[in-house]
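Quick heads-up: it's one chain on its own, the form predicted alone, in structure tokens.
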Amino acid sequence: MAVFTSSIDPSSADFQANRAHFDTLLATLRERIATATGGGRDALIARHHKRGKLLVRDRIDRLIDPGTPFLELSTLAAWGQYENDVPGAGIVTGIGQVHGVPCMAIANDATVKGGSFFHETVKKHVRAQEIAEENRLPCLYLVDCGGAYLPEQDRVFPDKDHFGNTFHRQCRMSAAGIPQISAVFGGCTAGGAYIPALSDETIMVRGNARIHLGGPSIVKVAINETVDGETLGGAEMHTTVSGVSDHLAEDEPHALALMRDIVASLNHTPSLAAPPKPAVPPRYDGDEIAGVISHDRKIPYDVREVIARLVDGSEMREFKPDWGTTLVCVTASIHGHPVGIIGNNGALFSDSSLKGAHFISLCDQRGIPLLFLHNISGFMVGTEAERNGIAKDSAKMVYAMSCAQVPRLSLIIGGSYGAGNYGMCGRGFGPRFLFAWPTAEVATMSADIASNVMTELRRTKEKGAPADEAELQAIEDAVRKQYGEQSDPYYATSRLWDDGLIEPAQTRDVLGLCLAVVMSQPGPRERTPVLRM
């Protein structure tokens, strides 16, 4: 493969301006992550510790193998909602290794509304289970859960992808041979009780853990029985009397040690896929990406400069470099794992769409996973584009991407607009993982175009009084406000439209871990012919 030669000058004024802008974005991201992972809850944390309980991330640290990474997902779920009283949606999810076995940890944070489930909590829990099922990762539930947050019941309880779906997935994964293990650290009431009850094996912590379908107050109302929580559903009772629990732990470290022992005895052989080639650092520092990305979206940059700072040795083999040039398609390696990368250098025309479809087909036939780097305004519009067949040619790229059997990953590094989001494997197309940078924007179109469209529609409206300038300005202001708010990367990550915001300098390691996970279970698949479009 050819080594890419960068044309970026880190000492240039443009680079420094880009970096200064990006550093501001990174400072905001780091501040918000710090808040979401523990800031502002000192009294609740102190009460948690007083009860002899570890914080949720401390539990995970003790659970996973020492010195190994933990890939946390959707850290900023629910950010900006509920007056920021539900940081992280009250749950921590992510992938870590236990005795060398990659596992999905799903852990309630009882310092956030007692670990109750909000709408975003359910989405985050379900997304973690979805990733676990796709990659056959054992699920380790660290349960400290108050069940559904009752004021949110209409957004948590009744629908197809609401709380009940988490139990459906748990049962289906267990039936498919994907282990489901629970350790209970606190109260598990109502729906929360089913997480450990449906697990293959369950641990409860003496004195703190409780499982009951209805707590003491519900029992009092329902059957007029007065009972305390420990008698009703304590760890000792459930381990020695009901048999709901399989193991009684004396404290939380003991419970986590027991969970590690269970994983060690699972006879579940998959481990992170070993790379077929040695990992080689890029020739260019990933930290330089902050100076590569233009601070003004209207100023283009070469996506190859980003790729060169992500891939091994900054080496890449480009496919059709002289045709369909607004789409860059390269094969390379990340941490030793082969990958086909598709990145944007402008709007997608018919030629670049067909090039993308051809390249996806090649990677699928060769068993090479795909990585989509989104910075796309969309597919080209206009008379010439339509006469050249952009509708059918863009559909071919969407079709090839949708039907590819190899694992697909997406990273939103800039704008991801309209049907361009679809062609580049947006959330609706089920990529195994989808991350974003703090420069990301996801929307049907940019705020500039949306405001122009809406004002033009009002100008050409046939019925009613002609629009005056004040009305047109009001329309433009409203559209810009809506798109500005809803295109913000924190708006997207809050609603779990991605699997988390990450920093450019972290991206290579995150992608390397994701590739090791997705390639650990390649599974049987039918080889597909290469279709030259």
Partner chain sequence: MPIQSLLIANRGEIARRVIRTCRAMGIRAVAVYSEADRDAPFVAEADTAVHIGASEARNSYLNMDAVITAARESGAETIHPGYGFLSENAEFAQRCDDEGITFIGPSPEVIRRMGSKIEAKAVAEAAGVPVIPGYHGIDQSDTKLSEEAQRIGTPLLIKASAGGGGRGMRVVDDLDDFSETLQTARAEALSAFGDDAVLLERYLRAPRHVEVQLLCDKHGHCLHLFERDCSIQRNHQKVIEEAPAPGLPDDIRERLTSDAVRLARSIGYDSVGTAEFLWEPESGETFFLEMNTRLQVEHPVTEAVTGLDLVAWQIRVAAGDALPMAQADIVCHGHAIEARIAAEDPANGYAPQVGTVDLYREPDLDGLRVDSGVDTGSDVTPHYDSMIAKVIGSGETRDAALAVLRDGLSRMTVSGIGTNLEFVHDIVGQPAFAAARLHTGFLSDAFPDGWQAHPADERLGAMAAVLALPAPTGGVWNALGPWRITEPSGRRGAGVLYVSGSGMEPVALRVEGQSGTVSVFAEERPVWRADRVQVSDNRLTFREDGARHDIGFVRSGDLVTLYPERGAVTYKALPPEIALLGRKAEQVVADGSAVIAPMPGLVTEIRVNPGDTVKQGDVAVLFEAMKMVQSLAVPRDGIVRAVNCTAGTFAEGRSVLIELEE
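Numbering follows the first chain given and starts at 1. On a predicted model such as this, the values are computed, not experimentally measured, just so you know.
Omitted here: the form predicted in complex with the partner chain. The next part is about that form.
For the candidate set 42, 477, 485, 61, a heavy atom within 4.5 Å of the partner chain in the model of the complex is found for exactly one residue, namely 61.
The single contact residue among 239, 81, 326, 97, judged by any heavy atom lying within 4.5 Å of the partner chain in the model of the complex, is 97. Residue contact with the partner chain in the model of the complex: residue 490 places no heavy atom within 4.5 Å of it. Contact annotation for residue 258: at least one heavy atom lies within 4.5 Å of the partner chain in the model of the complex. By the criterion of a heavy atom within 4.5 Å, residue 497 is excluded from the residues contacting the partner chain in the model of the complex. Mapping the unseen interface onto this chain, residue 33 counts among the residues with a heavy atom inside 4.5 Å of the partner chain in the model of the complex. Taking the partner from elsewhere, every residue among 272, 503 and 516 has a non-hydrogen atom within 4.5 angstroms of the partner chain in the model of the complex. With the partner left out here, the partner chain still marks one of 204 to 212, 356 to 364, 224 to 232, 250 to 258 in the model of the complex; by a 4.5 Å heavy atom cut-off that stretch is 250 to 258. In the model of the complex, 61, 62, 64, 66, 67, 68, 69, 70, 71, 72 are the residues of 59 to 73 with at least one heavy atom within 4.5 Å of the partner chain, listed from first to last.
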